[in-house]
Ligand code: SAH
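Quick heads-up: it's one chain on its own, the form predicted alone, in structure tokens.
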Amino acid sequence: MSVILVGAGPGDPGLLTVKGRQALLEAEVVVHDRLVSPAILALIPPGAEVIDAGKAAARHKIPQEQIDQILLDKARTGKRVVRLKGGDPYVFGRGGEEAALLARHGVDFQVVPGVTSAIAAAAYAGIPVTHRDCCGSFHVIAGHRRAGGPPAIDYEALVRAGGTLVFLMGVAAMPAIVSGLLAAGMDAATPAAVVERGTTPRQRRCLAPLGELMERAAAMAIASPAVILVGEVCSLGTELDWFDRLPLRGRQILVARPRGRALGAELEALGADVWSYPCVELLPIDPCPAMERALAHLTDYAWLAFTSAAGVERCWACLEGLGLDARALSPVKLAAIGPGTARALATHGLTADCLPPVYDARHLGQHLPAEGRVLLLRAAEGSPALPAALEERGIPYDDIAVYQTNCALPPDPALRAALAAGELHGAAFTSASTVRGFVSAAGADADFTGLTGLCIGEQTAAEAAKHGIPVRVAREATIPSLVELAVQTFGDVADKTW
């Protein structure tokens, strides 16, 4: 019997610790809180049982006593249980109560600390909680009382302490907090701040003197979750602001591929609010007798060419099914359509012998050396430009479909609503098939005129333009170039008025 209490951090999925991630990947049962990032929840193994125990102020999906019982019951099944909590489990997360309960019942447990919003939200707002010129301490205070009502806080002691004050879960009690500090003798001109949804793409920051904080926060309609900070360090917020200066801050970009892939992560690192929206379902053709026969007779070919990482993985799975390994590919040279496909080969210890100067199907067909028959292992819906280029050059080939792409997504009201409201600034497309899947989900009658399609190549752009999507094309058919295009398109004009 064992339970691991894991701190998920304050919101930015990149702040999840390595140890916390490993615990999550090995979990068989996950009991999680409301504010855990969807990107972190996506790490949960597909077969794991997931229980949403999320809480909002005065609205608990599952009462704490029932959460306690769930942890005990699941631990007693012998499964690996992860209690996934926002921030740090022991910083106002009731982790100490849950750990004590487990200890009383003889259940082994571990605690994986998380990054607390008390420090992280301040840092993302440009506010160091300590600074040699301002203060040498900081104090973290719960901004609400356990049974509701205003918090029981010794304001005079806090004012005498003289450090940075960090109030968590205090938005509803902000009037009481501000009036309490002022009544205790704190100067109304003391710098203060409220940071809403700290460390996430939707973070907003309100800087104001303490005496004006409530009025300015109300004008901005600041809401929970938010962190209140009071102290001289808040005066550094403008000078040390780095998060709001990221080139894609304030822009929501749909990425038409699964979360966790390089493109979404790189855009998020530049401040974009990324909506990971897989627009294509890859369906392996399994069994695939044609691929099995070809791989068993590789001496018939001079080149084995791949147009996607998916094709590489299907080939590798087939080799393993035949009881073979990388040595079976020794009779052929390997070609990849671009760096992403080449990296997929590299994960199996293989190096691409041919990479075209322009990363698309036509240029791959034009660049392959005319040294003998070519084996193509790719999607059933693969671009006709590749075999056409080989035929023009008189190069014999076998074109074998090893997987299918399903772009017929059902209509998605949430996507249509986001487009209608103008919430999406851009959509990043890495293939023509991702465009077709996006249009299928949005509906062919959707209005795409307010959206900019960021396209990895000309073929992708042509498909997007066909559906009335305004397009821009990356300099090269690579993920780095697509990221560069996003910055060129939105970076200089991003709204910085929050």
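Quick note: we count residues from 1 along the sequence shown, nothing fancier. Remember, it's a predicted structure, so these values are computed and weren't measured experimentally.
Only in words, not in the display: the form predicted together with the named molecule, which the text now covers.
Partner contact region in the predicted complex: 168 to 176, out of 168 to 176, 266 to 274, 241 to 249, 346 to 354, criterion any non-hydrogen atom within 4.5 Å of the named molecule. Only one of 257, 314, 425, 197 lies close to the named molecule in the predicted complex, with a heavy atom inside 4.5 Å, and it is 197.
Of the candidates 377, 121, 336, 193, 121 is the one whose heavy atoms come within 4.5 Å of the named molecule in the predicted complex; the others do not. Contact annotation: residue 129 falls outside 4.5 Å of the named molecule in the predicted complex, judged by heavy atom distances.
When contacts are judged by a 4.5 Å heavy atom cut-off, residue 35 counts as touching the named molecule in the predicted complex. Interface membership of residue 383, defined by any non-hydrogen atom within 4.5 Å of the named molecule in the predicted complex, is ruled out. Taking non-hydrogen atoms only, residue 112 never approaches the named molecule to within 4.5 angstroms in the predicted complex.
Residues of 200 to 239 placing a heavy atom within 4.5 Å of the named molecule in the predicted complex, in sequence order: 224, 225, 226, 227.
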